[in-house]
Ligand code: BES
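Given next, in structure tokens, is a single chain: the form predicted alone.
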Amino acid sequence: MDIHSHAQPARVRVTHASLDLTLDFEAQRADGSVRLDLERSDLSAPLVLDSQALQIGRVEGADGTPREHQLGALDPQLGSALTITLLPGDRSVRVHYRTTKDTQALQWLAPEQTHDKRKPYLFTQGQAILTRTWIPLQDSPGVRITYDAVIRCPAGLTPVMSAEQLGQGQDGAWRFRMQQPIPSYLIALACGEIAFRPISERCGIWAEPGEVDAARAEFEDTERMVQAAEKLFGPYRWGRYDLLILPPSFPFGGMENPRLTFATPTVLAGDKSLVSLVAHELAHSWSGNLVTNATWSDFWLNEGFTVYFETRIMEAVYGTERAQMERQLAIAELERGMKELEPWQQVLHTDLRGHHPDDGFSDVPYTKGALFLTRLEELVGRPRFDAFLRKWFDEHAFQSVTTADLRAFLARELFAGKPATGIDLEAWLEQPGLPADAPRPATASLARVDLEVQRWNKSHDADALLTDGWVTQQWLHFLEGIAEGIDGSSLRALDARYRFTSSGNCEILDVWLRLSIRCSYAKADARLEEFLMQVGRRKYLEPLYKELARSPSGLERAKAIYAKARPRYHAVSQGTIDTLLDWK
């Protein structure tokens, strides 16, 4: 059983969900029902669902007559078990319900919180265990279902889902269909004033009208990425691959919802320097969506495989130097981050007993997981490893798997039934830290930056730096390289030449603002507050609030800003910053 779900799928398993929801933007709730189709291994067992922050109405059998149901005790992290008594012939039930103000998966935005500031907006975020806050179901990655949906919304707004878009009927309702079985966290919905621009026959961009053309230009290489991915590890099996650019309160860089990646507008840098996010979310179409972690302790099977695959896509489309430069930065970020993690959080196959799945969220499952796969590639060679990965995806397609499943597959397919040689699987998978044999890529592009870091450390002369033609990744490496011992006067000199405080590149700005807080660089104060008020991406918020909280005066300032900004953040980001600031 999944320790983060009340469900008992070994006895009664949900196989399909049919949603029928009306979106009420004034009341900020979704109201309707879901029909759940069932596979019953134990005819004496009830159906047990996950439900949190939902108002449950009547429950009916397929014949329309009531079924007894009970909502169990509330667990603050997991919600309640919704237990439904089934009759012998029941193969489906319908649950009538509505969301509440405490439904964490839904974020309702006022017009002023959107790009165009004309219409309200709604989006969902289900990972890891938030889908139960907008749909009562078996909310476990080990339970895969198909789904369809009927969505009703106000005129002038367009809903989209992680499913085939079937269009709007004469009744005004919009219809959707997902015919491949997916885990519940990948059921996704957004609704707002949005427009579409095609990139290719199977790829396109959804965004607000004022942003859609810029987004299409930024991500015009998406079809090339899909083709590169298919050459590596087999056909794309989901039909379309579209991207939806969300308002800035979206808490993640991207979310790999099948057929429709949700993406943050913070990657719209204007120069394609941050499009590795698309490569990452696209790679999830194989690692994560096609083959899914069965429990959240196996989360690295989603993210480590995806980061490895992302790098391979970036190599194919933008060259090895660009891909390895990004990998080198990610490893440095991992090593900085692990200094602040407890030992259990540094383990790939992490033990989450007593923890929320989000407690295991860090760079570890992403970058350490990818390095493990890179080490395997080094040992057996790329051609053999590619064949191994393709077979992994093919043989486990549309299944949920565990770390034990991977270890068995490794033993059979990569090590021919013999003990692994040249790699300590226990050290990589079950122990904290980064093993000594972790691959360490080095690039000429970042080596040149290291020379400028040395030049700066000797002279502190911003005008002496040789930075012509630098790309985002080089600037990030430089700023992290000079962070030790930097002071306010140094920031003033760098800002005078490079105008970091007014940068529109969110990756660079985030590092710059963190240094500005550390050095009490007052010129950046207004930009910091503006950034924290506008952007809800947790990757940026957490280090900035953490840096502020290091001093009593900074903590007071952090809480003052957060009091204004908190209503603009999604519940995922709120939860992280609430804990960080001990928010009451």
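Note that residue numbering begins at 1 and tracks the sequence as displayed. Being a predicted model, the structure only gives us computed values, none of them experimental.
As for the form predicted in complex with this ligand, it is not shown, yet the points below apply to it.
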- Find the only residue in 159, 254, 247, 204 having a heavy atom within 4.5 Å of this ligand in the predicted complex. 254
- Query: Can you pick the one in 133, 125, 311, 222 that has a heavy atom within 4.5 Å of this ligand in the predicted complex?
  - Reply: 125
- Message: Given that this ligand is not shown alongside this chain, does residue 392 nevertheless sit within 4.5 Å of it in the predicted complex, heavy atom to heavy atom?
- Response: no
- Verify the contact flag for residue 259: yes if a non-hydrogen atom of it lies within 4.5 Å of a non-hydrogen atom of this ligand in the predicted complex, no if not. no
- Closest heavy atom of residue 174 to this ligand in the predicted complex, within 4.5 Å or not? no
- Message: Test of understanding: in the predicted complex, would residue 284 fall inside 4.5 Å of this ligand by heavy atoms?
- Response: yes
- Item | Interface segment, criterion being heavy atoms within 4.5 Å of this ligand in the predicted complex, picked from 66-74, 521-529, 537-545, 553-561 | 537-545
- Item | Stretch 289-304 - residues with a heavy atom within 4.5 Å of this ligand in the predicted complex | 299, 303
